[in-house]
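What follows is a single chain, given as structure tokens, in the form predicted on its own.
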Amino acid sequence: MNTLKRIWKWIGSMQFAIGLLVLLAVACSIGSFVTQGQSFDWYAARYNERTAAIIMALHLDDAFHSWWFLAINVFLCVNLLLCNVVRLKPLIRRTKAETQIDLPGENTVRADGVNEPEAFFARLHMPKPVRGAAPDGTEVLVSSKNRIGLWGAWVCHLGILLLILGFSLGQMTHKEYVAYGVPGQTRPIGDTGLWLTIDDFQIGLREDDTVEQYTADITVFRAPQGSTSAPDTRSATVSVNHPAKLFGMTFYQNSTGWAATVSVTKNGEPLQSEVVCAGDYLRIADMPNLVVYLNAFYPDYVSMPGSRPMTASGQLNNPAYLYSVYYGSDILGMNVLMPDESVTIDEYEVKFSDPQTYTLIQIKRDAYTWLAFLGGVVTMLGLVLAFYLLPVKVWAVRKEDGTWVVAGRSQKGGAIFAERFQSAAIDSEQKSA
């Protein structure tokens, strides 16, 4: 039994908390340093196979969802919880003691021969004192203020506990999706059952033609379950640093790029025409293994011998399309096409046209953001209680000659309180004189 108590005492100790915070800092640094969510081959190519094996074995490729990251956070939460539970009763007793007379101590200041103790209390801006009697029958006055300041550290610990819980649960359960396209396109949002329609997309420019803001008007809806029910539809405007919340998810204007209309004809007859974003592809309708990629778009194409294709500006002065054609996993060709050119693949002819900008919307679902926010608010409240509400207690004891001995102390900011107390004592002496 004693061993179990010692273990719990150690888990709730400050030394254990400091060790856990160091481990948490190291874990977060690893999660930031090691690129997350990649494959073994990717890590092997970037580092080497041995390092890649270590990364995968220790789950460093997904650090914030690993068992050891969860364990650190669980122990830290238990530590903070134990600290608060252990300190709760003593803190309640200490708060109640603020209404009782203290024995003189090293932080106590006092003044003898006070005739009007109530006025002395008033000079210190203390609440109206409570009149009572000491065990020996001596008349006493006691006043205290800012007792709640004693709870500052306790409340701060509680806030940090909520912050860690909110962050940890959010990291373990959050989901992230992306949807991109040009105005008029509708995309599914992962496995949520929701769809996103891009109603409009605008690029705000400054007077010098540099980009000031990206803004997208979006509509999100859930497909109706029956033929007679109407879809649940919600609309919003999102821009950089101004996300929107819909269906419990947050929608961010993340990035933009170029898209183009890819038109395919077969034996001279139109087959299909779709808008394809740079980095995306189009499967030929009646031959799915034949794929046309739009690798990149250059609005102001410049070609220099021995160098990669580039664009001289963001204006549509000399548009060009870099494409690749695949059949299955085999590449058939790669080249740059101008607007009046096309590529012929057997009986198919592919042409690019109508360049336009697309928007990429990032969607995040984090069910515990509110908990982290609450933790931040509680932590700030704890700091305010700890540093701005200084607990002060003043008491007065009536002597046999009818005068009073006034004493007081402040558990924080004792030097400032002592200075105010001495100033009140001087004023009291001057008034008596």
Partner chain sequence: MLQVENVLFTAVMLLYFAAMILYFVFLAVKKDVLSKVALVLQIAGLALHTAALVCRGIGAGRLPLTNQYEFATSFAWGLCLISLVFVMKFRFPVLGAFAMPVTFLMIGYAAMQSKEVHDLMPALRSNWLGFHVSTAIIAYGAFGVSFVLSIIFLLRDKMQEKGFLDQHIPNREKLDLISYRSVALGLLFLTFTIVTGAIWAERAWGSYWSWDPKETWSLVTWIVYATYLHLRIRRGWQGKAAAIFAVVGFICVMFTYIGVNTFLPGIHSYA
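For clarity, a rigid core is taken as the largest C-alpha set superposing within 1.5 Å between two forms. Positions refer to the first chain, counted from 1. None of these values were measured; they are calculated from a predicted model.
What comes next is about the form predicted in complex with its partner chain, which is not displayed.
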| item | value |
| --- | --- |
| Non-hydrogen atom within 4.5 Å of its partner chain in the predicted complex for each of 32, 167 and 384 | yes |
| Residue (of 177, 252, 154, 195) lying close to its partner chain in the predicted complex, criterion heavy atoms within 4.5 Å | 252 |
| Contact assignment for its partner chain in the predicted complex, among 67, 40, 373, 47, heavy atom within 4.5 Å | 373 |
| Options 323-331, 134-142, 210-218, 230-238; stretch whose heavy atom lies within 4.5 Å of its partner chain in the predicted complex | 210-218 |
| Contact of residue 242 with its partner chain in the predicted complex (heavy atom, 4.5 Å) | yes |
| Touches its partner chain in the predicted complex: residue 21 (any heavy atom, 4.5 Å) | yes |
| Residue contact check: residue 364 to its partner chain in the predicted complex, 4.5 Å heavy atom | yes |
| 4.5 Å heavy atom contact, residue 414 to its partner chain in the predicted complex | yes |
| Residues within 4.5 Å of its partner chain in the predicted complex, restricted to 2-19 and counted by heavy atom | 14, 15, 18 |
| Residue 61 C-alpha moves between the shown form and the other one by 2 Å or more, core aligned | yes |
| Shift of residue 73 between the shown form and the other one at or above 2 Å (CA, core fit) | yes |
| Core-aligned C-alpha movement of residue 27 between the shown form and the other one reaching 2 Å | yes |
